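Single chain ahead, by itself, as structure tokens, in the form predicted alone.
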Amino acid sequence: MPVFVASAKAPVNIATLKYWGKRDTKLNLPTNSSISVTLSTDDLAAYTTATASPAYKDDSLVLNGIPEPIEQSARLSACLRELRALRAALEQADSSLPPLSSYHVHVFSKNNFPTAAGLASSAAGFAALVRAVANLFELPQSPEELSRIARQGSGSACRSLMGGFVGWEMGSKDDGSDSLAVQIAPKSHWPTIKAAILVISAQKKDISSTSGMQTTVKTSSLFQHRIQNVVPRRYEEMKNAILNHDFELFATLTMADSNQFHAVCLDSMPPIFYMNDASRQAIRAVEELNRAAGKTIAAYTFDAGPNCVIYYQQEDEQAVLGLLRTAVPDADKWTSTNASASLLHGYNTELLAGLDNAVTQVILTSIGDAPVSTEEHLDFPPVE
């Protein structure tokens, strides 16, 4: 029996303007637009191999070596259904094509970073799945069109289908047809943007993003002010900061939005806590770094987890890494140590006490590109 196969590698994206809240939970339609930075797949990536065969008896998913019950995942099933419909349209127009839309699909996926720990693993995972199956089905749709499908798997996954700086426009239509990702600027527009990730916990978070969003939408009064008054203005301001290479404005907006995102989580009932004491210590350290530098050279941001992502420009790498290497001197915790670094004069080192014990890993990365096809397939069992 023939087996058709395709593989893809997709990036993590970390939001600078947060997506939090759904106006439609089935279609993953957001209550506000958002913006993110796509990170390099050299450092953080989801890998997916998709196979199809007339010999398969059902659809299946193996994630990080563990079989997952695909029939219980409405989000994954929705993605496969939409992708199959696009393939079926191709087959209807060209009868010479193999009928892949009628075959079951086996999906094998793995991440090279912690899953469900607030590092956007589901975004990268669903982006890799959609890209791999689209490659398998030889679909001609653009990343923008495919982002509508990836969004149904994981909202933020739509942004991981593009490189550089990416916006997710919330849209207004009930069917979600105008809720899709758009590229604000490619990696080449501002290639000197870099990121350092302080992994404070690789454990699965207590409250999933989906559950947390629903609680916030239902109970937080601050949330309504955020989506109606704050985010629409910040979306335009951050977009302009990116287009104008205005790092200080970009950084200020990124930190302010991270703060407000966690404020609406705290304003929920019961309150939701994704950050911990080490997270707050990382914030104070970045604030002190900017004070000692005399300008804003670094921006912290936290997704739904305690891990700190610090954005900075390559020209300020020595100062930023000086802070981080003083805070976390254990070289075994670093994924890369190839840059020189020194702590800024006048920095209050007392603010770093304890971070070394709290941080389990420091991941250095940079702005990245869209998902790519790969001929390196994950292992999958042969068809008998």
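This is a predicted model, so every value here is computed, not measured. The first residue of the sequence shown is number 1, and the count goes up from there.
Beyond what is shown, the protein has a form predicted in complex with another copy of the chain; the following relates to that form.
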Every residue in 255, 262 and 287 with a non-hydrogen atom within 4.5 Å of another copy of the chain in the model of the complex?
yes
Can you tell me which of 126-134, 229-237, 89-97, 179-187 lies within 4.5 Å of another copy of the chain in the model of the complex, counting heavy atoms only?
229-237
Any chance residue 245 has a heavy atom within 4.5 Å of another copy of the chain in the model of the complex?
no
Does another copy of the chain get within 4.5 angstroms of any non-hydrogen atom of residue 175 in the model of the complex?
no
With a 4.5 Å heavy atom cut-off, would you call residue 84 a contact of another copy of the chain in the model of the complex?
no
At 4.5 Å between heavy atoms, is residue 300 in contact with another copy of the chain in the model of the complex?
yes
Of 267, 138, 145, 169, which one comes within 4.5 Å of another copy of the chain in the model of the complex, counting heavy atoms only?
267
Consider the chain as shown here, without its partner, and state which of 310, 241, 272, 199 has a heavy atom within 4.5 Å of another copy of the chain in the model of the complex.
272
